[in-house]
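Let's start with one chain on its own, the form predicted on its own, as structure tokens.
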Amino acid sequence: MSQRQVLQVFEQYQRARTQFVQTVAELAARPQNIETLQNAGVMSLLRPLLLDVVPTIQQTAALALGRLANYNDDLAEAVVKGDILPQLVYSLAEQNRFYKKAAAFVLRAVGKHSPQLAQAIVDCGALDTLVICLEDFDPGVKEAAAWALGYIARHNSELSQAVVDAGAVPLLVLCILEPEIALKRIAASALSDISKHSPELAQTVVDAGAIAHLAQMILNPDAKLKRQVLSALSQIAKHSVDLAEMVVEAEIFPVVLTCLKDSDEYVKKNAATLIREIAKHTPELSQLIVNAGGIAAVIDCIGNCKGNVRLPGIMMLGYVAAHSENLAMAVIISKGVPQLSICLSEEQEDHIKAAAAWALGQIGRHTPEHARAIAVINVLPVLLSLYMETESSEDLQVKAKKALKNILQKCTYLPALEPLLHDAPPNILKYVIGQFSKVLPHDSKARRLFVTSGGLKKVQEIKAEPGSLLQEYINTINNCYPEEIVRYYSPGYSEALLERVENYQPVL
């Protein structure tokens, strides 16, 4: 065989390898092909091609493996068991930028599925190499490495700590300063994933100077970047008062309030989440939000969106109101109660209704004035029906009951309590009766109305345990009326009167 023929054979072999990996990579991009490729044993065929002498074949083989591993955890597990990770890590340090991107993609695709698979990546020494890639001159390599590190860190605090220990945080902070928007997004997302697990991890991100740089990007026109920036600041602020104060000190107010009007739903949601995470800590932080116009902005946001986007705003109102009478009144004055009532009635998801019920309970639990603000818009029957509805989730039932109890114990607005007399079960009824027993002794007009509306009659029909708190309340109400009136409305009194008529002997 001539030298020319030998070269032709090698060329044919190279073309065949190239065509094979390109075809597999294309097929792996479509979910319907994955099972067939897996059954054909494609993993074992791709592994040796990672060591191919031709760089494009190596890169395409890595891309195909990444797409397969990305599909499900079984295929990601196959990459680990096939002893492919050590080869990828080795090549990540040695090869060109195209291969580095593909190899980092495989590591990300494997690590995203579970803590166990992410741990396998850590165990094969990938973190140090990925961190080195964060210093690469090519933005695409940095992006791929940051993405992989974020996916590893998001699982739990141990994996997040491993990413921190590898020295990733300062370099991720530098990445958010790069001009490329995609790199900024991924780096902010990775910082968010690291921060979320514990105050200590969040402090590491703060110590690297992340807050100031993130805060400056709140008004960036790119919606996807804003989402990640707001998420990262939320994950830092949620852990402690000190961390929340550091975020506030970066002068995010009133700038962050503009994000509540953003056209992107996730920007709105993440902005409301950030405000919620700050508000929950102390009355002082909540007051700062109130002073910046945050309550009205959040209420507007709740009114202009639906579903889960509303949830952090609803909870934020509850946290603010829980701190003090004045803050709860600030929510009332800003017309937060009608908006929460709308959420309670029109939302389909039980967890959103539960949050609205909880928030209303936090507003109404302070004074009779607070409770009245809720009672006058007819929320109490809605809360009662959600509590009694068998199809309501357990959490919704618990939250609705607690909210009812909180509001009823302060409510002296009797017209709103009246309907509950006829519908409430005994465990709620005792709070309703308790409020009537507080108001009626001091209000003659209310006493008259209580008789004409059928309230007194209803009270006589209640069977209370002798000596119970409920019986005490009933006795207090009955003592507000002449004995013959009480007797008149007692069950069986009309029959007793009829019996007296029958037995009465007229004087002729």
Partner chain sequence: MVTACTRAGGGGAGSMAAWAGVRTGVPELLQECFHSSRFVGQYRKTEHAAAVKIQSWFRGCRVRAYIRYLNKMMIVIQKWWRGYQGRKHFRKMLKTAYFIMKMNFYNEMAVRIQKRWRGYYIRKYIHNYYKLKKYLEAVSLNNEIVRKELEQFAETKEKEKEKKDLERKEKKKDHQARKMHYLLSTEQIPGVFNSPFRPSPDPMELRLQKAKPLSHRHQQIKENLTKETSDFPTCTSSWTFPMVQPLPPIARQKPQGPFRDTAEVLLQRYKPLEPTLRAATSINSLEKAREEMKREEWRNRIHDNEFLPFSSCQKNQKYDPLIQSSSKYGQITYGTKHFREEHHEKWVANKDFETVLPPIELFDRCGKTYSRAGQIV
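What you see is a predicted model; the values in this text were computed from it and never measured. Residue numbers count along the first chain shown, from 1.
The form predicted together with its partner chain exists for this protein as well; it is not shown, and the discussion that follows is about that form.
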Taking heavy atoms only, is P115 within 4.5 angstroms of its partner chain in the predicted bound form? no
K101 near its partner chain in the predicted bound form, any heavy atom under 4.5 Å? yes
Would K224 show up as a contact with its partner chain in the predicted bound form if we use heavy atoms at 4.5 Å? no
If we define contact as a non-hydrogen atom of the residue within 4.5 angstroms of the partner, is A144 a contact of its partner chain in the predicted bound form? yes
Of these, D300, E347, E77, E418, which has a heavy atom no more than 4.5 Å from its partner chain in the predicted bound form? D300
The one residue among L414, I352, A120, V290 placing a heavy atom within 4.5 Å of its partner chain in the predicted bound form is V290
When its partner chain is placed as it is in the predicted bound form, which of 35 to 43, 478 to 486, 436 to 444, 53 to 61 ends up with heavy atoms within 4.5 Å of it? 53 to 61
Using the arrangement in the predicted bound form, list in sequence order the residues of 257 to 271 with any heavy atom within 4.5 angstroms of its partner chain. L257, T258, K261
